[in-house]
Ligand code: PLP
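One chain comes next, on its own, written out as structure tokens in the form predicted alone.
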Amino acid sequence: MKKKVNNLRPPLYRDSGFFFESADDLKAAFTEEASHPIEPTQYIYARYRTPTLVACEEKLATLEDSKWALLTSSGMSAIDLALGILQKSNQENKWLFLSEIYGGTHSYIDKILIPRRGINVIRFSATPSPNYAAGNSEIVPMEYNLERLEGILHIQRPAVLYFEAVSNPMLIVSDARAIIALGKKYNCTIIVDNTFATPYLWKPLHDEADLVVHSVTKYLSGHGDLTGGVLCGNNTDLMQQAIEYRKWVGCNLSPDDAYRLHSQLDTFELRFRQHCFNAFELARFFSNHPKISTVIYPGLDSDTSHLQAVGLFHENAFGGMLTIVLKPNSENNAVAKFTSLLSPHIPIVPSLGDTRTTLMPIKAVWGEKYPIDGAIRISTGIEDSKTLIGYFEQALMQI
């Protein structure tokens, strides 16, 4: 007697291909896949989709409040998927990127979009905040001038506008709704990389963005043990194009990673709430410490992005990232000593969003753009906040 299995999670299907009862069934499946790729009734081949992948995508679509979500093998492949479906042959492809975006995206622009795909890329840079009064801070707060942005849109008429809600590593919170409204005014397709803010803080599709990308490697997975990306949207035409693009490029997420991500998403909101709490507590601690000259965290009233963040973010939370600058002292390399003292508990890791707190020295990675001595980006985990503060307090005492 076959037993019924009341499983709590969808099964893990590792099949590379799915069998058919007859040649006629096989032919019908391929015909349906070609004519109706959005919701085929049968699974054919793992490069197209698998039940495990689809179950996780449905969960992500619910989280983002989107009509569809498509998983990819990395955050960069999700970006490539979003942009790849918008490139058209035999016509000018003029795309506008706001400057404060992920460094890997900049490299993708310079190494793929411009030389290999012939995209006419326009970059729009943030400028110093007009209400900033020069003081002792090594970091000049930046923001996007919307009047200048509209001027660029009016003159250049780009087909695509791409930006991030929160920048890395300076945590500039953009006036995202106004940027989207301007893009729509000039008929741009709007793509938002929402990795830092996550759906917990903001859902761009609610504000008329066309496509949203995430590196699920970061907060959505949250455990530092898988690499993936997701593209979300509401437009079914774009969905069909994205399904076809992913099918032929072959960049979907593996069944095993989709299965694990499905489980990890159960704790996403709980985890992210603690990320935000810990970041706020750390920011308050650093703000009152005599060896810290600057703290960048949108949750602080003193932060130049604070009012922007209050207006954009939900849940009265401000994210799990912060940036600090050590005060100059007599040591030649205080950052090296500081990070070494922290390393048993808080390691240097070139990623973020893990349940464990990690950090990145900014000059070592972003030195060409941000040559700031003493600057450190911190990705707060979900540890006990008092324990975290204790680790930093002990290290600061020794430099």
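A quick note: this is a predicted structure, and the numbers were derived from the prediction, not measured. From 1 onward, residues are counted along the sequence shown.
The same protein also has a form predicted in complex with the named molecule, omitted here; what follows describes it.
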item	value
Interface residue in the model of the complex among V160, I79, A317, L205, criterion: non-hydrogen atom within 4.5 angstroms of the named molecule	I79
Position in contact with the named molecule when the complex is considered in the model of the complex, options T323, Q264, T217, T304, heavy atoms within 4.5 Å	T217
Interface membership of E164, the named molecule in the model of the complex, 4.5 Å heavy atom rule	yes
In the model of the complex, T198 touching the named molecule (heavy atom, 4.5 Å)	no
The named molecule contact in the model of the complex: Q241, any heavy atom under 4.5 Å	no
Residue contact check: L352 to the named molecule in the model of the complex, 4.5 Å heavy atom	yes
One stretch from 272-280, 81-89, 139-147, 220-228 that, in the model of the complex, holds residues within 4.5 Å of the named molecule by heavy atom	220-228
